[in-house]
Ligand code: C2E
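For reference, the chain that follows is the form predicted alone, supplied as structure tokens.
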């Protein structure tokens, strides 16, 4: 019995050692699993680059070093130019290959300690620790150069440039603030063309903030009756009778007074607010026409209201219904409304534009091409559109009376308009001589400061009650 004790001790020790090795193996596997889980949490699965979370962590480390006296970090933000179109034409697999190649080229162009990440889609970010702006710009230009060679997709080869924004961090920056400002610089780069690097300009941020403020105030202006319409007469040149008017929107801002449309219409167009603004103008103008029809002093059955229509209106599936409903609510005939369209709004002549124009034509409203002759004018092109009239750009009238040959030129334009079965409205008339000259060559209608500047409703109603504005 005594001889069996050492054997038992050896057996117990070996079991303990085996158990310890097993525990160590399990711990190692657990540590490895945690490491892999952590690595995956910070890695973009497609490209193997870091992801947004990895960028945030690296930025916090760089900012901590800055607080201790290091040079602030810089951020490069990159979008692949035309990637959506490439993806649609080449397919998802090819798009993924493009992104992997872009990732490799960015990695090859930066320094060893720079942090390259993919934020999603075709958006990449590079954090450059302790890097002044000039050096960061040099790295950015190396990236752009690396992206210039074509990417081989097997049977196809494509050129894949990028838009690049640069922002150097400041002590107050969080990663989202830095990304937002680098994104503004990148957007500026896109407007200047492909393969450009743009450094963040604080004025751009101010402009963006100002635009956001204007949009909010304009939305409130539509809802709270801060907008007003002014009216400018359209005159029948042969008789001097006011045959219609153009409704022009103004913004009666509570703090800044009367704001002209060229200061807020572009913002409305760029931000999608133009549709809501257009509906307000449509309903207000049609409602005003109803009031004039009901007033014995201004009642003219053939008097028409002209309003401007944006490209966004033509692209709206609801626009034709909005027009029909506005006229029906005021019991007005469709021909009492004329919609003025710029040539640029319809030059693309896509399917939805053609459908909207044809539907408006069937509804019976008048359709007029505004600023005719200022850009794309082609009479052959106009003859294919369901329009009734053209408003000839003011540039053709301004030299009338100074250049002896100008009247003959205008007579030729008038003859072409008439031969296409269209009516012409001549804008920019500022003198009695210009009005008489246009009347003498058979021009039917005119508009300009000579007949009257745009007036608020009360003053225009008084002018309309006088019926005639020319001869003075």
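Residue numbers count along the first chain shown, from 1. Since the model is a prediction, treat every value here as computed from it, not as a measurement.
Below, we refer to the form predicted together with this ligand, which is not included among the displayed structures.
Interface residue among 356, 232, 298, 131, judged by heavy atoms within 4.5 Å of this ligand in the predicted complex: 232. Though this ligand is absent from this view, in the predicted complex it lies within 4.5 Å of a heavy atom of just one residue from 287, 373, 161, 261, which is 261. Listed stretches are 207-215, 302-310, 142-150, 97-105; the contact stretch with this ligand in the predicted complex is 302-310, by a heavy atom cutoff of 4.5 Å. Contact between residue 454 and this ligand in the predicted complex is found at the 4.5 Å heavy atom cutoff. In the predicted complex, residue 427 approaches this ligand with a heavy atom inside 4.5 Å.
For residue 246, a non-hydrogen atom is located within 4.5 Å of this ligand in the predicted complex, even though that partner is not displayed. This ligand is not drawn, but in the predicted complex it has no heavy atom within 4.5 Å of residue 135. Contacts of stretch 442-459 with this ligand in the predicted complex, defined by any heavy atom lying within 4.5 Å, are made by 448, 449, 454, listed in sequence order.
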